[in-house]
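Before any questions on how it binds or moves, here is one chain, the form predicted alone, in structure tokens.
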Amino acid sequence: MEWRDEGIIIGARRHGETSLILEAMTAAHGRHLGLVRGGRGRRMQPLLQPGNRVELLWRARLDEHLGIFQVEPLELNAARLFDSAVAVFGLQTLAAHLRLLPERDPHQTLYDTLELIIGHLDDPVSAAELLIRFELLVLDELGFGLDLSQCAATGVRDDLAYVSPKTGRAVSRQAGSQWQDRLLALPAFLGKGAGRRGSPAEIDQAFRLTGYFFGRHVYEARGIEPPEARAAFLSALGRQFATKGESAA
């Protein structure tokens, strides 16, 4: 068995004295593991860091085997990202979300979005907005996607301000005004064609929104805790906003 694909490294762990088991999100083969012989050597270590985009050649005798990776560099992002706490914790959060999906299950849209995010992780506002959209995509891939296209009560597509915690569907400002204390806020920058950046308060609302549905449908259902990296990312993001004289809700 053999295939060649490009991928983004999301993790690695030691195997034996000299090797690593590499974890990568690939374009056509999903999240995939493979053994890298000599991966702990000084020459290979800079290449096998999370965030790097690489070309992978995978070989195994049978498809269900772990297999061997041969790795060639395409884009070395790790050195740039390691200088930013937002980037480091953001990358760890992305990896944690990808591990919610079955191994070797292709998700081309998630791969393309991951590649886009990697290029902006060292810009806190862009990283935050893109990670929120990535979380919405993951929820959708897991079968718990939110419907933010129109009001669940009236069908209107304008002035959507809330999300029902029961259905995951959007609600307009007018329709939800008398129940707003029971609804989740829908930040305006998440609206279709909004074309604007989110404020720190709106970004905070958006992470509360996605966090609620991850908690309800994924973490509680599987009996697992939310990833610590996500809380660390939000904390690092808050420090960045505070440094710039902004405040999150």
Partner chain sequence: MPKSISGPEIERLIQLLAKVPGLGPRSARRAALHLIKKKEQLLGPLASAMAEAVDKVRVCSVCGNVDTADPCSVCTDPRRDGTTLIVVEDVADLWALERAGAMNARFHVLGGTLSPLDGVGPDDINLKSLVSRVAAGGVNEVILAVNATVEGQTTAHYITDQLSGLGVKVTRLAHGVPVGGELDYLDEGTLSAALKSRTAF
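Not measured: the values here are computed from a predicted model. Numbering follows the first chain given and starts at 1.
Keep in mind that the form predicted in complex with the partner chain is missing from the display, and what follows is about it.
In the predicted bound form, the partner chain sits beyond 4.5 Å of every heavy atom of Gly238. Proximity of Ala12 to the partner chain in the predicted bound form falls within the 4.5 Å heavy atom cutoff. Residue contact with the partner chain in the predicted bound form: Leu91 places a heavy atom within 4.5 Å of it.
Shown alone here, Leu116 lies farther than 4.5 Å from the partner chain in the predicted bound form, counting heavy atoms only. Scanning Val71, Ala161, Ala78, Cys151 against the partner chain in the predicted bound form with a 4.5 Å heavy atom cut-off leaves one residue, Ala78. In terms of contact with the partner chain in the predicted bound form, the residue from Pro187, Pro200, Pro50, Gly67 that brings a heavy atom within 4.5 Å is Pro50. Segments offered: 167-175, 92-100, 127-135, 106-114. Contacting the partner chain in the predicted bound form at heavy atom distances within 4.5 Å is 92-100.
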